[in-house]
Each structure stands twice: as structure tokens, then as C-alpha cells.
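Heads up, the chain below is alone and in the form predicted alone; it's given as C-alpha cells.
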Amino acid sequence: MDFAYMKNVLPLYEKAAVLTLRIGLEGIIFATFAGIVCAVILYEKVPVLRQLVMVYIEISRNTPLLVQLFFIYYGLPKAGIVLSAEICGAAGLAFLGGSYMAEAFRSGLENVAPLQRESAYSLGMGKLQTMRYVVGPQAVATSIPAFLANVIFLLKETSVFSAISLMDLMFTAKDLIGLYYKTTESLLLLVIFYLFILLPVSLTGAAVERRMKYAGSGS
């Protein structure tokens, strides 16, 4: 194991990790917003929009992120839409993640007892007030474990960003292996940096899930 090599290339991995994490978080933020909007449309059974959301979810969940990235990065310029690699990465992750987030939040909404909604209406609340103050908070609390699981899944999916020439962790590892043939050292650093990114989220998700189970058994 060449530790001197690992020390020398460490700054390259740090820079790549920052880029990977930044694009990943941007994609997750937009995916969360898209997921909330789609979940509400499905929950409220909004005509036309509900069908469109269902088509989007089927397309998104049944095509690989790599294919989606290729379409955005290489296909859209043919239509005159040219985006930077970073924007394409975030957009692809948001497109994929939005469907998974939508299912997570929809499940949370449907787990709220109908009586809660009916009680809110009987108190004179409108649909928006009921969603904001009664249904929404309960749905979000229920959706947290699934949300965190999706965050982990999407952060793992950032490993395909190298396919569109983004200098992410995977691209950096493959580039260094090609230059110096230090396969074991390069891959070990890749694993370590992904653990640094993913482990805190995974531990948070496990802690939240345990806490919710404890709260549920205590009630």
C-alpha cells in the first residue's frame, strides 16, 4: 500500500468530494420539491395533472440515471438546449429523485387518517389550511425514514456523473488509476470518501427510524 501516493492525491479527492456533494445536494433539493408537488397532486387526485405525474413517475423510475444524463447532456443540445455538466448532473438527479420522493411523500399523506382531514373541515378550515396545518406535518413526520433512504440512494447515484465528464469522485479515481496504475490505493480512497458522505446520513436515518418505532410503541 503506497501511503505516500495516497497523501499526494488526497487534495484531488477532497476537491472531487466537494463537487460530488454539492451537485448531489442540489439535485436532492430539487427532487424533494418536485416530490412534494407530485405527491400532493396524486393525493388530491387533480385531473390531468395526476395522469401526467403518473407518466413522469413511470418514466423516471424505469430508466437508469445514466440514460437520463445522456439524454440531458448529449440529447438536449440537438434541440438547441445546451447545459453545463454540473447543471445536467443536478437536473438528472432531480428528475430521478423526484419520482422516488413523490412516492415517499404520497405514502406519508395516505397514512394520515381521513378523520383528521374531516375534523379540520368541520372546524372551518379550507383545503390549503388543512394541508398546511393538519395533514402536511403528520405526513412529513411519517415520510422521514423513506426520505432519508432516498437521500442515501441519490447520493450513491452520483457515482455515474463521471459519464458526462464531471470531475466527481468516480472520475477522479478512474483518472488516477489510468495515470499511475495505483488501483488499490485509488479505490480505497474512493470508498473512504463515499463513506464520509453517506455514513452520517445513514446513521441519521437509522436513529430517526429507531426513535419513531420507540415513539410508536410508547403510544
Partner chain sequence: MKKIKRILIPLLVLALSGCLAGCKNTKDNYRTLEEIKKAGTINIGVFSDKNPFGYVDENGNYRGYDVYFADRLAKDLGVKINYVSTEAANRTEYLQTGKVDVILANFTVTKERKEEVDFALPYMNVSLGVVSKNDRVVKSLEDLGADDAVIVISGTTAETYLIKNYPDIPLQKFDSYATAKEAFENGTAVAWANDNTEVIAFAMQNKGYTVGIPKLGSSDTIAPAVARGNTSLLEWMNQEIEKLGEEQFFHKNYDETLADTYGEEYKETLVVEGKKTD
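Positions refer to the first chain, counted from 1. What you are looking at is a predicted structure, and each value in this text was computed from that prediction instead of being measured.
Below, we refer to the form predicted in complex with its partner chain, which is not included among the displayed structures.
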property: Contact of L195 with its partner chain in the predicted complex (heavy atom, 4.5 Å); result: yes
property: Interface membership of P47, its partner chain in the predicted complex, 4.5 Å heavy atom rule; result: no
property: Any non-hydrogen atom of F171 within 4.5 angstroms of its partner chain in the predicted complex; result: yes
property: Partner contact for P77 in the predicted complex: its partner chain, 4.5 angstroms, heavy atom; result: yes
property: Contact test, all of A163, M167 and I177, partner its partner chain in the predicted complex, heavy atom 4.5 Å; result: yes
property: Single option in L25, L199, V18, V208 placed near its partner chain in the predicted complex, where near means a heavy atom within 4.5 Å; result: L199
property: Stretch from 126 to 134, 112 to 120, 140 to 148, 68 to 76 whose residues place a heavy atom within 4.5 Å of its partner chain in the predicted complex; result: 68 to 76
property: Any residue of 183 to 204 that, in the predicted complex, places a heavy atom within 4.5 Å of its partner chain; result: T183, T184, L188, I192, L195, L199, L203
